[in-house]
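Heads up, the chain shows up twice below as structure tokens, two forms, tagged structure 1 and structure 2.
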Structure 1
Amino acid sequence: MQPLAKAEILIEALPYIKKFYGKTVVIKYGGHAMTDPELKDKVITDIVLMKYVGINPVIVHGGGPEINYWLEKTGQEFRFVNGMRVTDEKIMEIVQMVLIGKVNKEIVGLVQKNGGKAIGLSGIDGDMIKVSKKVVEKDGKKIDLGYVGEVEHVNPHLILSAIEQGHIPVIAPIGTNGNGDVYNINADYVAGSIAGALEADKLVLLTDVEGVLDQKGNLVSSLSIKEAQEFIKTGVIDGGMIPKIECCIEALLSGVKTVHIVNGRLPHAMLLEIFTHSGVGTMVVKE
């Protein structure tokens, strides 16, 4: 590429850099988008670049496949209801070890390897995420998911001071009920609540599909809350996409300006989303 063309690309990004300078962008990095090490490195590089041009990225991560791997390795059976893992005490132990001990620290290490500063946190630290026990209904019946939490309150104090110190906060989706019990929370809900508590400008959910797909499998580039609810009712949106959509709706209603579901397996998808005209993935909008 000619040097002049390179300069033009940088200049093209200027309006976007100006728009997001000093703003907070919460990124949910799904476990399913994390399976390829090379891609993982690219995603983290994008986030470090965002930090250096003056954006405040906050990472909330999942870790589903990694948890499955360790549950299988330790011979424990598991199942999901509405995209959420049924979590008994023994499973919770593994979930906590994998999310906080392994996945979280791995991301912190990758940020630092790429020249950024990061601090790994969970909802337990600084009493950040208070939860109640989540109750779900399936086919008219109430289902006990065990140690699965519903976010009641986010105390953003620790996140804000980490940002002030120049760190990229990396948050594992585990919270407490105030009685010393720890709960597993779907990372999408955590990302949505944190984006709300931080009054973030943008919430980006990186996953392993192009975005929301309709009944024919085509990408929906803009999805309203009403359409999303209809898709859930008719089963077009299913499994792990349900908490994602619910989180998008909650974030929009609590004042987050834009919410996107983006393919984390597409190299530099997030950079394209933030710094160019060409939007990728699904944007969820109020109307």
Structure 2
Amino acid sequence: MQPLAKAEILIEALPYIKKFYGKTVVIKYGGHAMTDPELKDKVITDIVLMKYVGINPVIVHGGGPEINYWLEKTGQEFRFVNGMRVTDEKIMEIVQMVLIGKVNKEIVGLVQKNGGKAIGLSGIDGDMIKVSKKVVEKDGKKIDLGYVGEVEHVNPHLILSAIEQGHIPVIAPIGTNGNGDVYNINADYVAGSIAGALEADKLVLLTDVEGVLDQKGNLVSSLSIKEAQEFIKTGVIDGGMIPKIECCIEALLSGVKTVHIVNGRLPHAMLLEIFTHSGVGTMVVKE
């Protein structure tokens, strides 16, 4: 790339850097971008860069493939209902060890390797995430998922304290019911709830798809809540994209200004979405 072209890219980014300076961006980190070593490094570098230009990134991570690996390694059977893992006491022990003890600390280490300061947290710390037991319906029957929680309340005090001290908070999606019981929570919903509690400017969901596609398979660059609900109703949005869109809607109704669904397999997708005119994913807005 010619030096002039590089300069033009920086100039294009300038109004966005000014606009988001001092603002909070919550990133749901998961999918392929979390398992591919090269992509992993690029995503974390992008997040560290955001911090250095004055944005306050907050990472909420998943870890499903890693949990599956360790469950298989320890000979434990597991199953999913409506995309959610049925979690008994033994499985919850593995989930907690993998998410808090392994995945969370690896991300913290990567941030610090790339020049940032990070602190690893979970919803258990400081009673950050209070949950109720999640029950789902399938074929007209209510199914008990075990230790799977639904976010009831987020106390953002610890997150805000970490940001004030110059850290990038890295949060594992585990919470408690207030009685000492620990629950696994869908990371998309945790990211949405935390973004709402922080009144974040943006929520970015890293996925393994381009974004939301219309009836013809074309990328929808901008989508309102009303349009999203219509897409779900007519089946344009289906499968695993439904909980992501529901999470987007909840976050927007909680005060988050915009939500972005971007393809984490595309190197530097977050920077392209936030700091360029055209973007590369789907932006979901209230109206």
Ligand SMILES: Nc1ncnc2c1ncn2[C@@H]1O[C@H](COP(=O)(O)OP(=O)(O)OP(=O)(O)O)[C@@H](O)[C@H]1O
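Structure 1's sequence is the ruler for residue numbers, which start at 1. The term rigid core refers to the most C-alpha atoms you can superpose between the two forms while keeping them within 1.5 Å. Computed from a prediction, not measured in an experiment: that's the story for all the values here.
Matching the description of the form predicted alone is structure 2; structure 1 comes from elsewhere. The rigid-core alignment places the CA of Ile237 2 Å or more apart between structures 1 and 2. Put the two forms on the same core and the Cα of Ile225 is off by 2 Å or more between structures 1 and 2.
Once both forms are fitted on their rigid core, the CA atom of Ala33 lies 2 Å or more apart between structures 1 and 2.
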